[in-house]
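Shown next as structure tokens: one chain only, the form predicted on its own.
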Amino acid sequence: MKTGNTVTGTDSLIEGLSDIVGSKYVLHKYEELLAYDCDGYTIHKGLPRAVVFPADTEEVSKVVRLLYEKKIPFLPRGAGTGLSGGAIPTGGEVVISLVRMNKLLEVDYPNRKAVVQPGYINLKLSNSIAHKGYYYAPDPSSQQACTIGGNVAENAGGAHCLKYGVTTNHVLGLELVLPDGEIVEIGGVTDMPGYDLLGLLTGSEGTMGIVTKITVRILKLPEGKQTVLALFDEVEGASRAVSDIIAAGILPAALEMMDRIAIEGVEAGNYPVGYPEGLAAVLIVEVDGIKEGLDDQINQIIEVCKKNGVREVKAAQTEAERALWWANRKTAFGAMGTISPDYLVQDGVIPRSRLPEVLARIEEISQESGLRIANVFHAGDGNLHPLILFDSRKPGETEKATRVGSQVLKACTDAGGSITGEHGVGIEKKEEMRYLFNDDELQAQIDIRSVFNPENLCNPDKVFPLPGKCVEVKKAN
């Protein structure tokens, strides 16, 4: 609710927040708050009560303590690139934006670790340490904009997670402000005894506290890197090639796939490769490591593709060619805007061997609903990203797209997979948690969250469905 330019009932709160961070770092006017009513998941929107921009851990703690005392819910926000609604207010929460906390605090090259604030941009870390021969491995497609704090919240992955793992495999320590304002340090050294609290907190979507400092693992840049592009006339052949490459004993750094509709989108985008007409699928396969032996792996990959009916397969001849292939792939989500007014990105996971079956089921869902679905995904580890294309200007089509997304996730879980690999649950998929867990299992997870967040003030109403409410998979016609 608004009165004039200000959300009602916030005067004393705004004064309290301004006393902590300064009035210029508190937003409370209606037109200012509109920019924070959603993240990358735009189907759902909600207006925050205020937005506050702390400069350091102590200010985060003071802000949280004030909100805790007033029993006002709050949530952390990074760059707002999340795709499941994890940073969307649902009941007038105060948004605690961490974008001012954007420093690289320390780099320890001998011990291969770096310390960053949560607002530090993912790609900036690799760029900052490349001159010393190091990089940070997790590489979400949004890495030019997304923050490492947001990556921790969602346990983000990326194209190279097949070989190098997702964010949780690279987090060594966290500084955390608990929902009552207490500051705690977790981890920081390897092989700590006791519970895996780092694993618990990484991917908890800001429901257990606000991360204010992150110690991450950094890696030496590989000595060599080579990339293969394979073009297929059939999705089935590309899917078989994916499994056969892994079965041959090759562990690529990345193994990506795009289908016909995805190819149409990326070729209309900013980085067209010039793919021939009529392709059913594209594979991008990258191997890295010691230079000696990479040629053998590339030759094996090419032979596997030939055995699976590839139309054309080749290795990148220059760094510029390789960079173009990756730019084309990494801008795939945004490129869908060239062929559709709106799109909904899903994030299901399946066993790699079930790719042909699940892709066929997704095509059936597309035909049944009348909505086109583009598939662009991390094929090597079975992390699918179906993009459901729709037009929100048409009555009922947004709701139809949401139902289609739920059907796709059901197909993934029916195949022995999961409802998310790296985008999180947030608002978008919390009812679909029932595809994986019964009421007792959900309650056990809620009980664990309550140890950290007993008042449910920190990012409330995310991740878990309402008790006893069953999700229903409906036809999308």
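Keep in mind it's a predicted model, so treat the numbers as computed, not measured. Start at 1 and count along the sequence shown; that's the residue number.
The same protein also exists as the form predicted in complex with a small molecule; that form is not shown, yet it is the one meant from here on.
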Contact at L83, N151 and G158 by the small molecule in the predicted complex, all three, heavy atom at most 4.5 Å: yes
Quick one: of T215, Q407, T202, S142, which gets a non-hydrogen atom within 4.5 angstroms of the small molecule in the predicted complex? S142
Name the single residue among G209, G380, P89, G265 that comes within 4.5 Å of the small molecule in the predicted complex, judging by heavy atoms. G209
Does A79 reach the small molecule in the predicted complex if we count a contact as any heavy atom within 4.5 Å? yes
Does any part of C146 reach within 4.5 Å of the small molecule in the predicted complex? Heavy atoms only, please. yes
Does L98 reach the small molecule in the predicted complex if we count a contact as any heavy atom within 4.5 Å? yes
Does the 4.5 Å heavy atom contact test between F333 and the small molecule in the predicted complex come out positive? yes
With the partner removed from view, which of 266-274, 218-226, 134-142, 304-312 is the stretch that lies within 4.5 Å of the small molecule in the predicted complex, judged by heavy atom distances? 134-142
